[in-house]
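We begin with a single chain expressed as structure tokens, specifically the form predicted on its own.
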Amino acid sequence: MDLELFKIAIQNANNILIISHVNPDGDTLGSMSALYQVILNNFNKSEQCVDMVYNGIIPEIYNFIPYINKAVSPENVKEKQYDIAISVDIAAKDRMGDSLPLFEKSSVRINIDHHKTNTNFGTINHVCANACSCGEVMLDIFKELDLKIDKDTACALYAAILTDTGGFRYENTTAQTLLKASELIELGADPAQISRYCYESKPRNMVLLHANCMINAEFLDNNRIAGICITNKDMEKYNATNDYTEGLVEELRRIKTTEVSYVIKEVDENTSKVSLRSKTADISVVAQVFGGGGHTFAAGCTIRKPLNIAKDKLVEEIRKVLG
């Protein structure tokens, strides 16, 4: 993407939409919030000119992200027409959920992302597959265009980078990642406070759901594959919202013998949502079999099958990449 053209497009737009992916995480929400703030602070736009939309539920732990309370569901703005729609941290169009029609009918469609499986679905695409997070991509764009980054924007970007690197523990953490996190701290981000919000503020029922899931986890192929199936009854038992399953697949990957971990959640009787993690195998290949995508060691997809059938098909593909 020609960043100067991006800057001009923002300057000339009267109505701008920023879109997060379905079941939003810290990276998509932090990136969305940061872009929202930068547009308001640098382009002389009012809040009425810029909308943020999320798909699903914003997890409670991310309510601290500045201005995230301004985000609305697609239903609230479905009748509006936008000059520009910008997707952030979205690898494929179907990951926009109910926001897709808003994106499709916008005059200019900008795709900003860091997933190697991104399908370049925008009229303008800026995909940096070597970046640890969309937050890192955003920071590079802001710096390249010499845009003001205030304390709240730094907080949002730090949350994006922190969560998508698993607290700087995942393979996508590089020297550049840490340098950029340092820059954001210098700009006002509070690393200890943000870490507490992200990792030490879980609702009680979320912890109980995780405990129940871990007890019932399944281990296959000499414990190389670890998985959890979550039914709607499980969710009802703990009065859990979809965001309560976040982190489970990483818990399974932490087990010494695990090479690939998965969590399959029942959506309805014919649809199952999958999260995948790996230590060495490229599980983006597995996700792509079912129309999903992601990174080498972190990916996801939706399988249009009942839970048990989806699990069997998923395990079959996992075994192929493990050899």
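Start at 1 and count along the sequence shown; that's the residue number. Quantities reported herein were computed from a predicted structural model and do not represent experimental measurements.
One more form of this protein, predicted in complex with a small molecule, exists but is not displayed; see below.
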Taking any heavy atom pair closer than or equal to 4.5 Å as contact, tell me whether residue 92 reaches the small molecule in the model of the complex.
yes
So in the model of the complex, does any heavy atom of residue 37 sit within 4.5 Å of the small molecule?
no
With the partner left out here, check for me: in the model of the complex, does some heavy atom of residue 273 sit within 4.5 Å of the small molecule?
yes
Is residue 293 part of the interface with the small molecule in the model of the complex - any heavy atom within 4.5 Å?
yes
What is the one choice in 281, 68, 298, 61 with a heavy atom within 4.5 Å of the small molecule in the model of the complex?
298
Heavy atom within 4.5 Å of the small molecule in the model of the complex - the one residue of 109, 126, 115, 210 that qualifies
115
Name the stretch, out of 253-261, 273-281, 37-45, 50-58, where some heavy atom lies within 4.5 Å of the small molecule in the model of the complex.
273-281
